[in-house]
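Next up is one chain by itself, shown in structure tokens, the form predicted alone.
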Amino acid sequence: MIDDVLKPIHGGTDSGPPPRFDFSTNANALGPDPHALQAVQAADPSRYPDPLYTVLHQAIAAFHQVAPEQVAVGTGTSELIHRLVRWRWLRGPMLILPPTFSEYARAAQPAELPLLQAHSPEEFLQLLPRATLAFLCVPNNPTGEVYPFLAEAAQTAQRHRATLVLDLAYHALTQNPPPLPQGVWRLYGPNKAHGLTGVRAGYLVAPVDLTHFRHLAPSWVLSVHGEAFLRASLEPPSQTWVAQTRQTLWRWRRELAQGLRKLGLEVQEGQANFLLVRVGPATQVAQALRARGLRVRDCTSFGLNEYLRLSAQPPEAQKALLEALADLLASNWKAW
């Protein structure tokens, strides 16, 4: 059924009342970035943005030291992913490395692209010559893994004329981020790092002219608020703010991992501002925590039905989560 194919499968936020503490979001828990927030609030919603986003494309291009025609803005990285798979120049087999961001596979379904799914980095490199389009999330969502084979993947893609897209939604919050190889396409969703996920805005930087790709988007694909946010996110006050928050986020992640391990839980801690914890019946545990005012990310939609993804949150939130998990452990949830 088409409704089953296209239904949302993210599994993070829900339609319930606001939780006391939200571990399901990977947005910067120290946000919002005050400089970017001020820019969004100052935007004039009574006017249309420039339909070509000329000044914004120039600002992004200058920041990344590329030509303006190598930049395209969109309503967040999800919209850009869906636009990429519809572009006729990229139509063909699409390759992913699960578990990873579900939007890649979700975009391939209505576009009717053959979907190749690798089960290991080695298999990803083996399948890459057969792909027209390939996605890697750096660091990966939900595992927080930083792949050591990016340079080899980029070289393989170039040799076989495959388009390798690196999704960098959490790259700015990554501890020990890897160098990004030349020749890859780069997706940026800065609202995560700046703590403004409600502002849907992102952009693509590619080693090719994206003028035709821009015209695949609806008119005014980016609102004045998204336009203001992206411009502000590139400016020194916002860049400095993100840099200053990272150490705290990494410390909170380590402290959360330590607390979970003290409860006897298995933790997979990567380089991002989030981690995975193995709890057994993930959906039931997530529901039980939600009833206690704690929202977590059930990873069943990633194919990890025993894991929760938890973002780095302040000590007060961690204390509430660990106490709730301890209560659930005492009730022997693993027997559910």
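Residue indices: 1-based, along the sequence shown. Remember, predicted model here, so these are calculated numbers, not experimental data.
The next section is about a form of this same protein that is not shown, the form predicted in complex with a small molecule.
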* Complete contact of Tyr147, Pro181 and Gln271 with the small molecule in the predicted bound form (any heavy atom, 4.5 Å) -> no
* To do: Could you tell me which stretch in 124-132, 86-94, 73-81, 216-224 has residues with non-hydrogen atoms within 4.5 Å of the small molecule in the predicted bound form?
  => 73-81
* **Listed residue (Ala169, Leu260, Val165, Ala107) with a non-hydrogen atom within 4.5 angstroms of the small molecule in the predicted bound form** => Ala169
* Leu256, Leu230, Leu173, Cys137: which sits within 4.5 Å of the small molecule in the predicted bound form by any heavy atom? -> Cys137
* Using the partner position in the predicted bound form, report whether Arg246 sits within 4.5 Å of the small molecule, counting heavy atoms only. => no
* With the cut-off set at 4.5 Å between non-hydrogen atoms, does Phe101 touch the small molecule in the predicted bound form? -> yes
* Asked: Heavy atoms within 4.5 Å of the small molecule in the predicted bound form: does Thr143 have any?
  -> no
* Ser238 near the small molecule in the predicted bound form, any heavy atom under 4.5 Å? -> no
